[in-house]
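Quick heads-up: it's one chain on its own, the form predicted on its own, in structure tokens.
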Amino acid sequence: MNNKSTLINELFLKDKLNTLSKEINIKKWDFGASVNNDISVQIDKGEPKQTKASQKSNITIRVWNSENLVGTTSTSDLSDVGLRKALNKALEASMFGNNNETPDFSKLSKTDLPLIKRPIRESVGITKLINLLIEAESDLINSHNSIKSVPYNGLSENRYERVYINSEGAVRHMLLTQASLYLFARAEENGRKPRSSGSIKLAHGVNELDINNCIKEAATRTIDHLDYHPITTGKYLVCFKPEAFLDLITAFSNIYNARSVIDGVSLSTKESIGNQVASEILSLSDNGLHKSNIGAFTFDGEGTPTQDIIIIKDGTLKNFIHSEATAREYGVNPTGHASIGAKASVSPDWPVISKSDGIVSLCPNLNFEKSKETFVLVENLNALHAGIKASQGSFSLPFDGWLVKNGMKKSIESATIAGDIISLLNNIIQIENKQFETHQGVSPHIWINELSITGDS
């Protein structure tokens, strides 16, 4: 397969679906597909631990019957026989469609798509992946005497295709490639607990991955946690590093998710637009087209173009993210955040957090590299799946970080940070100017006053 070849010919498929649907007497249908070719390797002590090559397809067909009820079916068979069978099954399923909530075509499914530049890279093959990862593992272990192993590691290259077609003439197709590397080292010292940390890097292709920087970051972060100490339980001035704050805000994205609002599992209501939900120094947008989003698609599962949506501006909730159905309920346009289905789910794409223009923070001189105040610097939040109660707004999470006094960092042995997301957002006292592009979004360092931390002493 060359770098431009695709697994799905969307125009050929559109003609085939048009022909079959007429034969079955289906007047309204749409088709969504995500196909992923993946090659990945893991290493253990210089030897391949796991090598994997796979092709995953997620193909959904929706059919509307004469009563406008929707049935869906999934298939991996794109032959005439397979598609005919899928259309018939979807038509049968439509008899049991939900009369109270019927999806429709996105009214933006045929509008022009945004133009973005995402280079398509050739696969380098599994042998090169293995050799690169063996070398990276060795370099990371040799970078410090205390680093004994790299128990969590992986190098992969992926080729994604997304397709959307409907019976009104919408035809979308996009292909992209992505490579990813993660290295998490384990450091050990006599009489001390093992310590671990790591780094993740993404690129359009393997040859563009910054492997040396990934090794350097993993080593530095791991070594920084060797000299650890317990922390006294109490309330602290806290600075979240960008990755940690992005984890937290994404875990509570039900605040701005219209699907969650309609389903009654959000901290917001339909009337929350225009309400102050955070300190006025905070602004948040969801921009799936941001240049740092290596895996950006220009349309979602319903064919709606990906957009840059302002979510929070100067602390005020401005917009929800929508599917076609939720947008119709609210009388607005869909925002390009939906999957395809009888009840399309809605999820955030690429959060971009920034300091509001013209707003002066309560503590403008706080800086994670220069401040002499005593504070806790949070690097990573752990156990997000268990420690977040999204519909209640509360969190209690183990974390990796440091207690910083007079500019000197001491790694924290083990501790838990807890609070309420709405209170946290309203207690932001400083957002630093510099934004950092991470593998999950963009954010500066963000400071919160008086957060509860439970330690071992």
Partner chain sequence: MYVSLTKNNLNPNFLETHSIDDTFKKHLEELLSYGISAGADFVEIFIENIDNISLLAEQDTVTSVNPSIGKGIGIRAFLGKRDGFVSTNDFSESGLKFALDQALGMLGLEKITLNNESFEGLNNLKDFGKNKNQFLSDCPSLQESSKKILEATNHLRKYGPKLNVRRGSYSKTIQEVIVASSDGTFARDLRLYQSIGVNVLAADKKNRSSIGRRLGSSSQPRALIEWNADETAQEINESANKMLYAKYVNAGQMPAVLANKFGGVIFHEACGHLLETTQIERGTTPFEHKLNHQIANKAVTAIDEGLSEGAFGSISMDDEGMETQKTILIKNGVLKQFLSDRAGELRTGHARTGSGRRQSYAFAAASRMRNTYIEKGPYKVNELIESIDQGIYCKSMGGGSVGATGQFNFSVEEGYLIKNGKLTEPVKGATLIGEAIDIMPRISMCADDLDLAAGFCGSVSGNINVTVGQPHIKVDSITIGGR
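None of the values given here were measured: they were computed from a predicted structure. Rigid core here is just the name for the largest C-alpha set that superposes within 1.5 Å across the two forms. Positions refer to the first chain, counted from 1.
The form predicted together with its partner chain exists for this protein as well; it is not shown, and the discussion that follows is about that form.
Participant: Given the stretches 370 to 378, 257 to 265, 200 to 208, 241 to 249, which is the single one in contact with its partner chain in the model of the complex, using a heavy atom cutoff of 4.5 Å?
Facilitator: Stretch 257 to 265 is the one.
Participant: May I ask whether Arg186, Ala386 and Thr416 all come within 4.5 angstroms of its partner chain in the model of the complex, judged by heavy atoms?
Facilitator: So, yes: the whole triplet contacts its partner chain.
Participant: Select from the listed residues Asp308, Glu280, Glu135, Glu92 the one whose heavy atoms reach within 4.5 Å of its partner chain in the model of the complex.
Facilitator: Selected option: Glu92.
Participant: Give me the residue from Ile116, Ile126, Val332, Ile359 that has a heavy atom within 4.5 Å of its partner chain in the model of the complex.
Facilitator: Of Ile116, Ile126, Val332, Ile359, the residue with a heavy atom within 4.5 Å of its partner chain in the model of the complex is Ile126.
Participant: According to a 4.5 angstroms non-hydrogen atom cut-off, is Lys216 in contact with its partner chain in the model of the complex?
Facilitator: The answer is no: Lys216 has no heavy atom within 4.5 Å of its partner chain.
Participant: Please check if Lys355 has a heavy atom lying within 4.5 Å of any heavy atom of its partner chain in the model of the complex.
Facilitator: Result no; Lys355 lies far from its partner chain in the model of the complex.
Participant: Test of understanding: in the model of the complex, would Ser76 fall inside 4.5 Å of its partner chain by heavy atoms?
Facilitator: Flag for Ser76 set to yes.
Participant: Can any non-hydrogen atom of Leu69 be found within 4.5 angstroms of its partner chain in the model of the complex?
Facilitator: Looking in the model of the complex, residue contacts with its partner chain do not include Leu69, since no heavy atom lies within 4.5 Å.
Participant: Note that its partner chain is not shown here; using its position in the model of the complex, name the residues of 180 to 201 with a heavy atom within 4.5 Å of it, in sequence order.
Facilitator: The stretch touches the partner through Arg186, Lys193, Pro194, Arg195, Ser196.
Participant: After the core is overlaid between this form and the one not shown, has the C-alpha of Ile294 moved by 2 angstroms or more?
Facilitator: No, its C-alpha moves less than 2 Å.
Participant: Is Leu91 among the residues whose Cα moves by 2 Å or more between this form and the one not shown after superposition of the rigid core?
Facilitator: It does shift by 2 Å or more.
Participant: Can we say the CA of His445 moves by at least 2 Å between this form and the one not shown when the core is superposed?
Facilitator: Comparing forms between this form and the one not shown, the His445 CA shifts below 2 Å.
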